[in-house]
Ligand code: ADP
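Quick heads-up: it's one chain on its own, the form predicted alone, in structure tokens.
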């Protein structure tokens, strides 16, 4: 079964984003408008085509920066930082946007019975999956100098992880972590929520064709200019320059979770940031999972949850969800997918 990867060319975007540049290329008659930059901790590339595309494109980066300021737990004054600072000491009034994202996170946590859990922050910190770097030449991972925590330390931290202790009051616009020491982390869902917001920006002005890429969280709006569906490549988890499969996409969000994003290798074993909130350790049955869903927030959260659940339970969950499909890549680089992708996916040789 398969997992995350994309065909979009982000090299040019990266060159701009590394120096903090935001570029808006206005569209001449008959040409698309393009936005590139850096937001939400990742590279951004948006291409849209339509008479009012430029109008919406001007709002893309301000919207993403505002969402970063609200949802990033490493921003000192963000809503999430304020929620975490008051863990165990009562509710915190936050923006309506934050309430909506936390509600989606709780919905997915219940749906997946905790395979996705937005209170996983303390566990991520314990494992050291916070700062990443370019993969070193020795192939030892994107997070250096790490080793697995002691089982006793994992057990202690798990006492502070549990979506059952996260409270949301939509009417009062408050969010609360009930137990002291808990930590909300919306990193597994925030980019998906942002993709939805950007897609809605374009829909609101009547744009019918756009491709939105937030570091691999995609939304394919409409069709390409020639009327054909968008084609998205599924990255090879062990060879960044290779593609394992190509899937057709139209009016759908796509997100991938892979064990190549943040990981370290200790004594020959790969440990990725895709932690099972129920056990406290990395999930290992898959190398990547790609989810296609009507909403970006669902594609993003489910890609994490299905990776944790593994190929059998993950496929069973996805098959039960209307409009949702999955591509699985196992550690041997075998690609499988759910039934709704028949005729829409081309699997390439490994």
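Note that the structure is predicted; figures quoted are calculated from it, not measured. Numbering follows the first chain given and starts at 1.
The form predicted in complex with adenosine-5'-diphosphate is left out here; the points below concern that form.
J.: Report whether the minimum heavy atom distance between residue 116 and adenosine-5'-diphosphate in the predicted bound form is within 4.5 Å.
T.: Yes, contact at 4.5 Å.
J.: Is residue 185 near adenosine-5'-diphosphate? Define near as a heavy atom within 4.5 Å, in the predicted bound form.
T.: Result yes; residue 185 sits at the interface with adenosine-5'-diphosphate in the predicted bound form.
J.: Give a yes or no for residue 277: in the predicted bound form, does one of its heavy atoms lie within 4.5 Å of a heavy atom belonging to adenosine-5'-diphosphate?
T.: Looking in the predicted bound form, residue contacts with adenosine-5'-diphosphate include residue 277, since a heavy atom lies within 4.5 Å.
J.: Tell me, yes or no, whether residue 98 is in contact with adenosine-5'-diphosphate in the predicted bound form, where a contact means a heavy atom of each within 4.5 Å.
T.: The answer is no: residue 98 has no heavy atom within 4.5 Å of adenosine-5'-diphosphate.
J.: Select from the listed residues 194, 218, 120, 80 the one whose heavy atoms reach within 4.5 Å of adenosine-5'-diphosphate in the predicted bound form.
T.: For this set of options, the contacting one is 120.
J.: Find the only residue in 64, 293, 308, 33 having a heavy atom within 4.5 Å of adenosine-5'-diphosphate in the predicted bound form.
T.: Looking at the other structure, the residue within range turns out to be 308.
J.: Using a 4.5 Å heavy atom cut-off, indicate which stretch of 231-239, 200-208, 267-275, 85-93 touches adenosine-5'-diphosphate in the predicted bound form.
T.: It is 267-275 that comes within 4.5 Å of the partner.
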